[in-house]
Structure formats: C-alpha cells, structure tokens
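Presented as structure tokens, the chain that follows is alone, the form predicted alone.
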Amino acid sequence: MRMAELSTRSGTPVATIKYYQRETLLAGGERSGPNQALYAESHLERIRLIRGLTEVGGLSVAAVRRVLEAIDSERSLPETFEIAQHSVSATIDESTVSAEALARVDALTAGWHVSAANPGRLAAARVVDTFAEVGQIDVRGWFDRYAAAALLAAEADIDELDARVDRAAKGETVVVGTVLGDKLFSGLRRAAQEHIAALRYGQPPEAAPDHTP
C-alpha cells in the first residue's frame, strides 16, 4: 500500500507516520520509484502498536523505542520483561525509601523471585511509606490481598505469553501485557470497587439529569 492508504487504514496522519520513521519507531517502506514507497501489513500493525503504547499506555517516544528494540531483538524474555517494566516505572532511588517499607514489601512477596532493584518492589515500598505518612493502616490484610491479586494477574500474563509460539509474538506480548496490562488492571479495579460498594452499601442514587442550557 502507499503512504496515503497506510494513513487511512491506520487512522494516523501522514505527518505522524513520517515522524515515527524519523524517530526510528517505524521502518521505511520498499522503494517503488522517486519519492515513492510501498508499505506492508507489518507497517500497519507496527503503527497500531506504537499508538497503543503512547496513547493508551502513556509511554514516551524514547520508551517506545526501547521496548520496540526489545521486541525486535533476540533478547531473552526475562530481559525483555525488565525493559518493559522499567519503561512504565518511575526511577526510584532506594535510599529515598524507608527500610521498614522495603521490609514490608519483602514480607508481602516472600517466596517470590524478585530482584532488589525491581522497579515494582521499590514503587510498592514508596507507596507503603506514603500510606504510613497519611495515617492509613492495614487492618484487615489490605496489602496481603493486593499481593495475592498481583500474583494472579502475573500468572495470567505468563499463561498468555506461553500461548504464543514464536519469539517475536512472545516479545510483543511481554511489552503489551506489561504496558497495557497496568491500564487494564487499574480500570477493572475501579469497576470492581463500584460493584462491591453497591453490594455492601446499596446502589447510589441516580444522578440528576443535567438541564443546563
């Protein structure tokens, strides 16, 4: 297909596609003449992936470049997971997190194979610190139940990964599952909160219609 068709089918302006190419996120097409190129279905799929990672996943162009390089490489899946996790995680200096919070997270994940520098470990510890600072106490196994839910979600991720056959498909699943999985889990949790609150406390009253002219 030519650039115009690629733009139409992907719903992406030509200028944006050319920007992806300049940023080395998208390979060039096959030259078919002076200032002309043909693009394949793989280009369409890559554009959709880029947009998903940026528009829904919230990744920067630099982060997208790193994860795409990981997908296209022969890196091991653990290495690809590491790159994907760091792409969606803030950089946290371990010295800024309390030893008590780190110990709490380590207790919550006891028996898990988690490195000391795992961004999730440090992020969770920072949140535990913040819970303490604002006076929120884990009374009924709050954090333990979150850890159990996280383990179930991770098992679902790996089960989906195992269902893919080739390295490229597995690499893309690692990245998409990590980046978009965070957004999916967050959205479902919000829906679940409304559901459980309605079961325990009753349905909220219907919102009054807005008659503002």
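Here, rigid core means the biggest group of C-alpha atoms that superpose within 1.5 Å across both forms. The numbering used is simple: start at 1 and walk along the sequence shown. Bear in mind the structure is a predicted one, so any value in this text is a computation, not a measurement.
We do not show the form predicted in complex with the DNA, though everything after this point is about it.
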Exercise for the section: Scan Val61, Ala147, Val176, Leu44 and let me know which has any heavy atom within 4.5 Å of the DNA in the predicted complex. Expected result: Val61
Exercise for the section: Spell out, yes or no, whether the shortest heavy atom distance between Ser186 and the DNA in the predicted complex is within 4.5 Å. Expected result: no
Exercise for the section: Verify the contact flag for Ala15: yes if a non-hydrogen atom of it lies within 4.5 Å of a non-hydrogen atom of the DNA in the predicted complex, no if not. Expected result: yes
Handout entry: in the predicted complex, Arg190 touching the DNA (heavy atom, 4.5 Å)
Key = no
Problem - Any non-hydrogen atom of Ala37 within 4.5 angstroms of the DNA in the predicted complex - result: yes
Practice task
Give a yes or no on whether each residue among Met3, Tyr19 and Arg31 has a heavy atom within 4.5 Å of the DNA in the predicted complex.
Solution key: yes
Practice task
Please determine, with the chain shown alone, which of 161-169, 147-155, 53-61, 178-186 has non-hydrogen atoms within 4.5 Å of the DNA in the predicted complex.
Solution key: 53-61
Exercise for the section: Align on the rigid core first; then say whether the Cα of Ser42 has moved by at least 2 Å between the shown form and the other one. Expected result: no
